[in-house]
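Consider the single chain below, provided in C-alpha coordinates and representing the form predicted on its own.
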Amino acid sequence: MSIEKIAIVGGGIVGTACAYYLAREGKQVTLFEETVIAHGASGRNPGFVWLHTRNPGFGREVSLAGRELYDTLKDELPLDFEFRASGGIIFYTTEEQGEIVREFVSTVQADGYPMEHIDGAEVRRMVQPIRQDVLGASYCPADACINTPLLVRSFAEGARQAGADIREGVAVHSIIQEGDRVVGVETAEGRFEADAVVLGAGAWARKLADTVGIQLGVGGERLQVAATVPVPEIKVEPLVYGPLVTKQYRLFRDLPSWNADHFTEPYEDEANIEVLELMSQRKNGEILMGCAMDYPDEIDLRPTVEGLARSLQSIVQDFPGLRGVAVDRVWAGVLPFTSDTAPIIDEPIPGLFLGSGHVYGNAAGPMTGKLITSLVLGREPEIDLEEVRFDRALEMPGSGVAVRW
(Lines give C-alpha, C1' and ligand atoms only; values in the text may rest on other atoms or scores of the structure.)
Protein backbone atom coordinates (compact mmCIF):
# COMPACT_ATOMS: atom_id res chain seq x y z
CA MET A 1 0.00 0.00 0.00
CA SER A 2 1.29 3.46 -0.90
CA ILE A 3 1.33 5.77 2.11
CA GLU A 4 0.60 9.41 1.24
CA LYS A 5 -1.46 10.88 4.10
CA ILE A 6 0.12 10.71 7.56
CA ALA A 7 -1.09 11.77 11.00
CA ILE A 8 1.55 12.44 13.62
CA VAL A 9 0.64 12.56 17.31
CA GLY A 10 2.91 14.63 19.56
CA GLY A 11 4.66 17.95 19.10
CA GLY A 12 7.99 17.12 20.71
CA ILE A 13 11.35 16.43 19.14
CA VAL A 14 10.36 13.04 17.71
CA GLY A 15 7.00 14.13 16.30
CA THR A 16 8.28 17.34 14.72
CA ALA A 17 11.38 15.60 13.30
CA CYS A 18 9.09 12.99 11.70
CA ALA A 19 6.88 15.77 10.31
CA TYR A 20 9.91 17.56 8.90
CA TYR A 21 11.44 14.58 7.11
CA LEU A 22 8.14 13.14 5.87
CA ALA A 23 6.95 16.51 4.54
CA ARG A 24 10.24 16.92 2.69
CA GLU A 25 9.45 13.61 0.98
CA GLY A 26 6.28 15.18 -0.38
CA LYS A 27 3.88 13.38 1.96
CA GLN A 28 0.66 14.96 3.28
CA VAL A 29 1.56 15.42 6.91
CA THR A 30 -0.72 16.60 9.72
CA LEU A 31 0.73 16.86 13.22
CA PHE A 32 -1.56 17.03 16.26
CA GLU A 33 -0.32 18.53 19.53
CA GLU A 34 -2.71 18.71 22.47
CA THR A 35 -1.21 21.92 23.88
CA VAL A 36 1.65 23.74 22.16
CA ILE A 37 4.76 22.61 20.30
CA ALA A 38 7.54 21.60 22.74
CA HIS A 39 5.19 21.41 25.73
CA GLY A 40 6.40 18.07 27.12
CA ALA A 41 9.86 16.62 27.77
CA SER A 42 11.34 18.33 24.71
CA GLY A 43 10.42 21.74 26.05
CA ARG A 44 11.52 21.15 29.61
CA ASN A 45 15.00 19.66 29.50
CA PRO A 46 18.36 21.42 29.91
CA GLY A 47 19.54 20.83 26.34
CA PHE A 48 22.02 17.96 26.72
CA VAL A 49 22.99 16.18 23.49
CA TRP A 50 24.74 13.63 25.68
CA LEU A 51 26.95 10.92 24.16
CA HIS A 52 29.24 10.55 27.17
CA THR A 53 27.63 7.47 28.71
CA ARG A 54 25.74 5.85 25.83
CA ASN A 55 25.83 2.06 25.99
CA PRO A 56 27.29 0.10 23.06
CA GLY A 57 24.68 -0.97 20.54
CA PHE A 58 21.74 1.06 19.27
CA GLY A 59 22.08 3.78 21.93
CA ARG A 60 25.64 4.59 21.01
CA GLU A 61 25.11 4.20 17.26
CA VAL A 62 22.01 6.41 17.08
CA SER A 63 23.59 9.05 19.32
CA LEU A 64 26.75 9.27 17.22
CA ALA A 65 24.62 9.48 14.05
CA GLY A 66 22.40 12.09 15.70
CA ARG A 67 25.38 14.16 16.77
CA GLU A 68 26.68 14.14 13.20
CA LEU A 69 23.23 15.12 11.95
CA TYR A 70 23.26 18.23 14.16
CA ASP A 71 26.18 19.59 12.14
CA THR A 72 23.79 19.67 9.17
CA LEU A 73 20.64 20.73 11.03
CA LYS A 74 22.22 23.85 12.53
CA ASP A 75 22.52 25.25 9.00
CA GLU A 76 19.51 23.52 7.43
CA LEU A 77 16.66 24.32 9.83
CA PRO A 78 14.98 27.73 9.58
CA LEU A 79 15.42 28.85 13.21
CA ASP A 80 18.53 29.13 15.36
CA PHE A 81 18.38 26.57 18.16
CA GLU A 82 21.63 27.66 19.87
CA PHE A 83 23.68 24.59 18.96
CA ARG A 84 27.04 24.62 20.72
CA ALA A 85 29.69 21.93 20.28
CA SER A 86 30.75 22.41 23.88
CA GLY A 87 31.72 18.92 25.00
CA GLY A 88 30.63 17.54 28.35
CA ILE A 89 32.20 16.55 31.66
CA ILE A 90 31.54 14.37 34.69
CA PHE A 91 33.62 15.88 37.47
CA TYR A 92 34.84 14.35 40.72
CA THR A 93 36.01 15.69 44.06
CA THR A 94 37.60 12.71 45.87
CA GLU A 95 40.44 10.34 45.03
CA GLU A 96 38.07 7.38 45.38
CA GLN A 97 35.74 8.87 42.77
CA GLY A 98 38.70 9.76 40.57
CA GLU A 99 39.94 6.17 40.44
CA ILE A 100 36.58 5.05 39.06
CA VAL A 101 36.25 7.97 36.62
CA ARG A 102 39.73 7.29 35.22
CA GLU A 103 38.85 3.62 34.82
CA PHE A 104 35.69 4.67 32.95
CA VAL A 105 37.75 6.88 30.61
CA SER A 106 40.23 4.09 29.88
CA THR A 107 37.45 1.57 29.25
CA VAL A 108 35.55 3.64 26.68
CA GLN A 109 38.80 4.83 25.05
CA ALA A 110 39.63 1.15 24.47
CA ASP A 111 36.39 0.94 22.45
CA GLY A 112 37.59 3.82 20.27
CA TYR A 113 35.00 6.16 21.79
CA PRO A 114 35.83 9.88 22.09
CA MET A 115 36.82 10.47 25.73
CA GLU A 116 39.57 12.17 27.70
CA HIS A 117 40.55 12.74 31.31
CA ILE A 118 41.14 16.36 32.34
CA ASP A 119 42.57 17.74 35.57
CA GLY A 120 40.99 20.05 38.12
CA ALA A 121 42.59 23.19 36.71
CA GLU A 122 41.02 22.56 33.32
CA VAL A 123 37.63 21.87 34.92
CA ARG A 124 37.83 25.18 36.79
CA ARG A 125 38.72 26.97 33.55
CA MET A 126 35.70 25.49 31.77
CA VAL A 127 33.24 25.88 34.68
CA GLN A 128 33.90 29.12 36.53
CA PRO A 129 31.46 28.71 39.48
CA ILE A 130 32.62 25.19 40.43
CA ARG A 131 34.22 24.40 43.79
CA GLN A 132 37.97 25.00 43.99
CA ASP A 133 38.82 21.52 45.26
CA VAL A 134 37.50 19.73 42.16
CA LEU A 135 40.13 17.16 41.18
CA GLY A 136 39.29 16.27 37.60
CA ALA A 137 36.69 14.99 35.16
CA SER A 138 35.97 12.78 32.23
CA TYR A 139 35.53 14.89 29.11
CA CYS A 140 33.65 13.84 25.95
CA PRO A 141 34.27 16.30 23.09
CA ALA A 142 31.29 14.90 21.15
CA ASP A 143 28.73 16.15 23.69
CA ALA A 144 26.85 19.26 22.59
CA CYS A 145 24.34 21.76 23.93
CA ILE A 146 21.08 22.93 22.35
CA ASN A 147 18.04 24.96 23.31
CA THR A 148 15.63 22.05 22.87
CA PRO A 149 12.38 24.06 22.70
CA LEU A 150 13.88 26.13 19.89
CA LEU A 151 15.01 22.98 18.07
CA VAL A 152 11.48 21.56 18.23
CA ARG A 153 9.97 24.82 16.99
CA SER A 154 12.53 24.91 14.19
CA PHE A 155 11.61 21.37 13.10
CA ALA A 156 7.93 22.39 13.18
CA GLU A 157 8.57 25.52 11.12
CA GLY A 158 10.67 23.54 8.64
CA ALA A 159 7.85 21.02 8.34
CA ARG A 160 5.34 23.86 7.73
CA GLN A 161 7.54 25.31 5.03
CA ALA A 162 7.62 21.86 3.39
CA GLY A 163 3.81 21.70 3.42
CA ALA A 164 2.93 20.05 6.75
CA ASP A 165 -0.13 21.10 8.73
CA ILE A 166 0.86 21.67 12.37
CA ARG A 167 -2.25 21.75 14.57
CA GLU A 168 -1.62 22.96 18.10
CA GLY A 169 -4.32 22.77 20.76
CA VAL A 170 -5.91 19.69 19.18
CA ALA A 171 -5.99 16.60 21.39
CA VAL A 172 -5.98 13.08 19.98
CA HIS A 173 -8.32 10.86 21.98
CA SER A 174 -7.74 7.51 20.28
CA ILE A 175 -6.19 5.70 17.35
CA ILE A 176 -8.65 4.22 14.85
CA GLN A 177 -8.15 0.65 13.68
CA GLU A 178 -10.26 -1.11 11.02
CA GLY A 179 -9.52 -4.78 10.54
CA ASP A 180 -5.81 -5.33 10.95
CA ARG A 181 -4.81 -1.80 9.93
CA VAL A 182 -4.69 1.62 11.58
CA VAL A 183 -6.60 4.13 9.47
CA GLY A 184 -6.51 7.38 11.42
CA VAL A 185 -7.09 9.11 14.74
CA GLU A 186 -10.07 10.46 16.66
CA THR A 187 -9.35 14.06 17.66
CA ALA A 188 -11.08 16.85 19.54
CA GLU A 189 -12.07 18.14 16.10
CA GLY A 190 -13.43 14.79 14.92
CA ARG A 191 -12.21 11.80 12.95
CA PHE A 192 -9.08 12.25 10.87
CA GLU A 193 -8.36 9.53 8.34
CA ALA A 194 -4.81 8.71 7.33
CA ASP A 195 -2.81 6.02 5.57
CA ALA A 196 -0.46 5.91 8.56
CA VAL A 197 -0.22 7.21 12.11
CA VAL A 198 3.05 8.05 13.84
CA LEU A 199 2.80 7.95 17.64
CA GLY A 200 5.51 10.19 19.10
CA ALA A 201 3.77 11.44 22.22
CA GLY A 202 6.48 10.73 24.80
CA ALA A 203 5.18 9.64 28.20
CA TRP A 204 1.61 10.20 26.95
CA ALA A 205 1.97 7.56 24.20
CA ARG A 206 1.11 4.68 26.52
CA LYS A 207 -2.49 5.82 27.00
CA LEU A 208 -3.07 6.22 23.26
CA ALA A 209 -1.48 2.85 22.44
CA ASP A 210 -4.03 1.25 24.79
CA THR A 211 -6.83 2.35 22.45
CA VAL A 212 -5.68 -0.22 19.87
CA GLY A 213 -4.82 -2.90 22.42
CA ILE A 214 -1.08 -2.27 22.54
CA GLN A 215 0.61 -2.45 25.92
CA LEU A 216 3.44 0.03 25.51
CA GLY A 217 6.27 -0.49 28.00
CA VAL A 218 7.00 3.21 28.46
CA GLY A 219 7.16 4.95 31.81
CA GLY A 220 7.57 8.55 32.94
CA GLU A 221 10.40 9.94 35.04
CA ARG A 222 9.99 13.43 36.48
CA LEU A 223 13.02 15.74 36.37
CA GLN A 224 12.94 19.09 38.17
CA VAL A 225 14.92 22.05 36.84
CA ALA A 226 15.74 25.58 37.99
CA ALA A 227 17.02 28.44 35.81
CA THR A 228 18.94 31.48 36.97
CA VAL A 229 18.60 34.97 35.61
CA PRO A 230 21.08 35.60 32.75
CA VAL A 231 24.62 35.82 34.13
CA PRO A 232 26.84 36.10 31.03
CA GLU A 233 29.75 37.17 33.24
CA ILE A 234 29.80 33.63 34.72
CA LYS A 235 30.96 31.10 32.14
CA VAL A 236 29.90 27.45 32.00
CA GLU A 237 31.43 26.21 28.78
CA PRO A 238 30.63 22.46 28.62
CA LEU A 239 27.66 20.42 29.72
CA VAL A 240 28.29 19.52 33.35
CA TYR A 241 27.40 16.41 35.31
CA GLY A 242 28.38 15.90 38.95
CA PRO A 243 29.62 12.63 40.47
CA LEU A 244 26.16 11.65 41.76
CA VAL A 245 25.01 10.84 38.22
CA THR A 246 27.42 7.97 37.70
CA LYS A 247 25.23 5.41 39.47
CA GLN A 248 22.60 5.96 36.78
CA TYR A 249 24.84 4.56 34.04
CA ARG A 250 25.71 0.95 33.27
CA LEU A 251 29.10 1.95 31.88
CA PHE A 252 30.06 3.00 35.41
CA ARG A 253 28.21 0.31 37.36
CA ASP A 254 29.90 -2.47 35.35
CA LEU A 255 33.42 -1.26 36.17
CA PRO A 256 35.47 -3.64 38.38
CA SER A 257 36.25 -0.84 40.84
CA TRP A 258 32.65 0.49 41.02
CA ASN A 259 31.41 1.39 44.49
CA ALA A 260 28.11 3.24 44.78
CA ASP A 261 29.02 4.47 48.26
CA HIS A 262 31.38 7.02 46.68
CA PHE A 263 28.59 8.45 44.50
CA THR A 264 25.61 8.67 46.84
CA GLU A 265 24.55 11.40 49.26
CA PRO A 266 22.49 10.60 52.39
CA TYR A 267 19.84 13.13 51.41
CA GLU A 268 18.98 11.07 48.31
CA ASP A 269 17.95 8.06 50.41
CA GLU A 270 16.19 10.24 52.98
CA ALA A 271 13.91 11.78 50.36
CA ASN A 272 13.63 8.73 48.05
CA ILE A 273 14.82 11.11 45.32
CA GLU A 274 17.94 10.70 43.25
CA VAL A 275 19.79 13.78 42.07
CA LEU A 276 21.00 13.88 38.51
CA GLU A 277 23.30 16.79 39.26
CA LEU A 278 23.74 18.82 36.10
CA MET A 279 24.30 22.27 34.68
CA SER A 280 24.24 23.97 31.29
CA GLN A 281 24.28 27.56 30.11
CA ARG A 282 22.12 29.00 27.36
CA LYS A 283 23.08 31.66 24.84
CA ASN A 284 21.52 34.48 26.88
CA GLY A 285 23.65 33.59 29.90
CA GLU A 286 21.01 31.90 32.05
CA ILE A 287 22.19 28.73 33.79
CA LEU A 288 19.95 25.66 33.94
CA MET A 289 20.55 23.35 36.87
CA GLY A 290 19.05 20.32 38.51
CA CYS A 291 17.76 17.68 38.48
CA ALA A 292 15.84 15.78 41.13
CA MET A 293 14.40 12.55 39.71
CA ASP A 294 11.32 10.71 40.89
CA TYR A 295 8.52 8.58 39.49
CA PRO A 296 5.01 9.86 40.31
CA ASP A 297 1.96 7.62 39.87
CA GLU A 298 0.56 9.84 37.12
CA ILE A 299 2.19 12.30 34.72
CA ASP A 300 2.81 15.39 36.82
CA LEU A 301 4.61 18.45 35.44
CA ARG A 302 4.74 20.29 38.77
CA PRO A 303 8.01 20.60 40.71
CA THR A 304 7.99 19.75 44.39
CA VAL A 305 9.55 21.49 47.39
CA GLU A 306 11.47 18.32 48.29
CA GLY A 307 12.78 17.80 44.77
CA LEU A 308 13.97 21.36 44.30
CA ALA A 309 15.52 21.40 47.76
CA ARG A 310 17.59 18.28 47.11
CA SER A 311 18.83 19.30 43.66
CA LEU A 312 19.70 22.83 44.79
CA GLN A 313 21.43 21.39 47.84
CA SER A 314 23.89 19.66 45.52
CA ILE A 315 24.30 22.81 43.42
CA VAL A 316 25.09 24.97 46.46
CA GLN A 317 27.64 22.40 47.62
CA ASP A 318 29.47 22.00 44.31
CA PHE A 319 29.01 25.41 42.66
CA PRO A 320 29.65 28.05 45.33
CA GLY A 321 30.02 30.70 42.63
CA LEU A 322 26.26 30.54 42.09
CA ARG A 323 25.10 30.92 45.68
CA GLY A 324 24.20 34.59 45.27
CA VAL A 325 22.67 34.32 41.79
CA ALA A 326 18.92 34.91 41.51
CA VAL A 327 16.66 32.07 40.40
CA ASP A 328 14.34 33.13 37.60
CA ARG A 329 11.99 30.14 37.34
CA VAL A 330 11.55 26.45 38.19
CA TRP A 331 9.70 23.67 36.40
CA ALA A 332 9.44 19.92 35.92
CA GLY A 333 9.32 17.67 32.89
CA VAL A 334 8.47 14.01 32.44
CA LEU A 335 11.06 11.97 30.60
CA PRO A 336 9.79 8.81 28.85
CA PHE A 337 11.81 5.65 29.31
CA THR A 338 11.80 1.89 28.78
CA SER A 339 13.20 -0.75 31.12
CA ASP A 340 16.23 -1.33 28.86
CA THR A 341 16.62 2.43 28.07
CA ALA A 342 16.36 1.91 24.30
CA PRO A 343 13.39 3.56 22.55
CA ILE A 344 10.70 1.69 20.64
CA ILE A 345 10.86 2.34 16.90
CA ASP A 346 8.65 -0.08 15.01
CA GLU A 347 5.40 -0.76 13.14
CA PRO A 348 3.54 -3.16 15.49
CA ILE A 349 0.26 -2.90 13.54
CA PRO A 350 0.12 -2.10 9.82
CA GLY A 351 -0.14 1.67 9.53
CA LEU A 352 0.95 2.46 13.12
CA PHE A 353 4.53 3.63 13.61
CA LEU A 354 5.94 4.02 17.10
CA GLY A 355 8.68 6.44 18.15
CA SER A 356 8.42 6.16 21.93
CA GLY A 357 10.47 5.82 25.12
CA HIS A 358 13.35 8.16 24.27
CA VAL A 359 15.26 8.62 27.52
CA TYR A 360 18.01 10.35 25.50
CA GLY A 361 15.74 12.14 23.05
CA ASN A 362 17.99 15.11 22.29
CA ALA A 363 20.62 12.78 20.87
CA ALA A 364 18.29 10.24 19.26
CA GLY A 365 15.19 12.30 18.38
CA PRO A 366 16.28 13.84 15.07
CA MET A 367 17.63 10.49 13.84
CA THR A 368 14.38 8.81 14.93
CA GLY A 369 12.59 11.17 12.54
CA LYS A 370 14.76 9.88 9.71
CA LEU A 371 14.41 6.24 10.78
CA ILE A 372 10.60 6.38 10.98
CA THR A 373 10.50 8.17 7.63
CA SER A 374 12.40 5.22 6.15
CA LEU A 375 9.95 2.77 7.72
CA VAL A 376 6.93 4.69 6.40
CA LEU A 377 8.44 4.84 2.91
CA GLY A 378 9.40 1.16 2.92
CA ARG A 379 13.12 1.89 2.76
CA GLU A 380 15.96 0.25 4.63
CA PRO A 381 16.70 2.36 7.75
CA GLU A 382 20.19 3.79 8.17
CA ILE A 383 20.56 1.97 11.51
CA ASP A 384 19.56 -1.61 12.35
CA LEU A 385 16.33 -1.45 14.39
CA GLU A 386 16.38 -4.98 15.83
CA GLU A 387 17.30 -3.68 19.30
CA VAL A 388 14.34 -1.26 19.37
CA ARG A 389 11.55 -3.52 18.15
CA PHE A 390 8.20 -3.30 19.90
CA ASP A 391 7.99 -7.06 20.58
CA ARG A 392 11.26 -7.34 22.52
CA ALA A 393 11.09 -8.31 26.18
CA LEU A 394 10.37 -5.17 28.21
CA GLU A 395 9.25 -4.87 31.80
CA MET A 396 6.27 -2.63 32.37
CA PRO A 397 7.51 0.29 34.49
CA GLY A 398 5.92 0.43 37.91
CA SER A 399 5.02 3.44 40.00
CA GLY A 400 7.98 4.72 42.01
CA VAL A 401 10.45 2.27 40.42
CA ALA A 402 13.73 3.87 39.36
CA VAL A 403 15.23 3.20 35.96
CA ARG A 404 18.94 2.78 35.37
CA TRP A 405 20.57 3.83 32.13
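The numbering used is simple: start at 1 and walk along the sequence shown. Source: prediction; values computed, not measured.
Keep in mind that the form predicted in complex with a small molecule is missing from the display, and what follows is about it.
Highlighted residues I3, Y20 and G184: none comes within 4.5 Å of the small molecule in the predicted bound form, counting any heavy atom. Proximity to the small molecule in the predicted bound form, taken as heavy atoms within 4.5 Å, picks out 199-207 from the listed stretches 156-164, 122-130, 199-207, 320-328. Checking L308, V212, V170, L79 for any heavy atom within 4.5 Å of the small molecule in the predicted bound form turns up a single hit: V170. Among the residues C140, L223, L288, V245, the one placing a heavy atom within 4.5 Å of the small molecule in the predicted bound form is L223.
For the chain shown alone, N45 is a contact residue for the small molecule in the predicted bound form, at least one non-hydrogen atom being within 4.5 angstroms.
Within 4.5 Å of any heavy atom of the small molecule in the predicted bound form lies no heavy atom of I345. For the chain shown alone, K370 is not a contact residue for the small molecule in the predicted bound form, no non-hydrogen atom being within 4.5 angstroms. The closest heavy atom approach of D340 to the small molecule in the predicted bound form falls outside 4.5 Å.
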